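We begin with a single chain expressed as structure tokens, specifically the form predicted on its own.
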């Protein structure tokens, strides 16, 4: 039996709706497992924390509904304000990792002999554990045999006991956190620099652009996605800072280096607390700060993108 052109056209016409359906369904099926995991392990715990924050609960016994009682208690909690102030300080100073990572990436984005070894040395802080970073910087700041003490002694300058001084302890911990965070931002920018259009760079050179003008008007606009990821990850890293505080000072001296994540742990899970509701209230406040900060940056990026169009 001979198949005519009309039969083939009829078959293709009938198959078109199925193809359209498969094109719509296939992406959803591929995304479904990841979305399910995201809903179960991210979205659901967020709402569960909001619910628990309305109760007085030790994690085992009966839950007693207190409404906004935990939040009202936060308003009069000096330790909470200390933690909040330190988190704001973390947010401000931790953002230095973004321009520092860009500067290092620009330096490493060249084809010279031995540059791969140098890249691996800059990349090394990112692959080691935050606990190891905390221990290393604890040795660095040691007032008796630390490197900082040795440098000060060599220069004839008295160096403070950074981790034992309320005035310097938070700055010392942030400096330790900036080391691996700068390495992470560097990796993001190195990836972004590989995608910078060489044609635009060459055209800008012909027009006489170089140095900072080239960076500002040609390179940085193409690094927008990398900058967005770097800022978001850095903000999240600053707000969830727990490992370094726990490793280096355990919140001391006298609670002066506490951050919200560590204070939440102290109240909810340590031997000092087991107040799950109060800890959940701290977590909700931390989540709200994170969402506000990231939302402002996202809105700003969207407006800039629309302005370019």
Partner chain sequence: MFPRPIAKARPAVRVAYKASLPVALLVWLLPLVAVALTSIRGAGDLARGNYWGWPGEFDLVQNYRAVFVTSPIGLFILNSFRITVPVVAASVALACMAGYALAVYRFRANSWLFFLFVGGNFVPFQILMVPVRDLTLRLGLYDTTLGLILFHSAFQTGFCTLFMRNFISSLPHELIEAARVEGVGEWSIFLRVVMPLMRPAIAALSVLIFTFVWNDYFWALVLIQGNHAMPVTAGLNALNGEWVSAWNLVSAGAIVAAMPPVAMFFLMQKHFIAGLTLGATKG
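What you see is a predicted model, and the numbers here were worked out from it, not measured in a lab. Rigid core here is just the name for the largest C-alpha set that superposes within 1.5 Å across the two forms. Numbering follows the first chain given and starts at 1.
The discussion below concerns the form predicted in complex with the partner chain, not included here.
Novice: Would residue 90 show up as a contact with the partner chain in the model of the complex if we use heavy atoms at 4.5 Å?
Specialist: Residue 90 lies outside the contact set for the partner chain.
Novice: Heavy atom to heavy atom, is residue 198 within 4.5 Å of the partner chain in the model of the complex?
Specialist: Close contact exists here: in the model of the complex, residue 198 approaches the partner chain to within 4.5 Å, heavy atoms only.
Novice: With a cut-off of 4.5 Å between heavy atoms, is residue 243 one of the residues that contacts the partner chain in the model of the complex?
Specialist: Contact with the partner chain, yes.
Novice: Under a 4.5 Å heavy atom criterion, is residue 234 part of the interface with the partner chain in the model of the complex?
Specialist: Result no; residue 234 lies far from the partner chain in the model of the complex.
Novice: Of the options 161, 115, 96, 79, which one has a non-hydrogen atom that comes within 4.5 Å of the partner chain in the model of the complex?
Specialist: Answer to the contact question: 115.
Novice: Looking at 84, 174, 74, 188, which has any heavy atom no more than 4.5 Å from the partner chain in the model of the complex?
Specialist: The residue in contact is 188.
Novice: Within 4.5 Å of the partner chain in the model of the complex, counting any non-hydrogen atom, which residues from 90-129 show up?
Specialist: In sequence order, 106, 107, 108, 109, 110, 111, 112, 115, 116, 117, 118, 120, 121, 122, 123, 124, 125, 126, 127, 128, 129 come within 4.5 Å of the partner.
Novice: Comparing between the shown form and the other one on the rigid core, is the C-alpha shift at residue 38 2 Å or larger?
Specialist: Yes, shifts by 2 Å or more.
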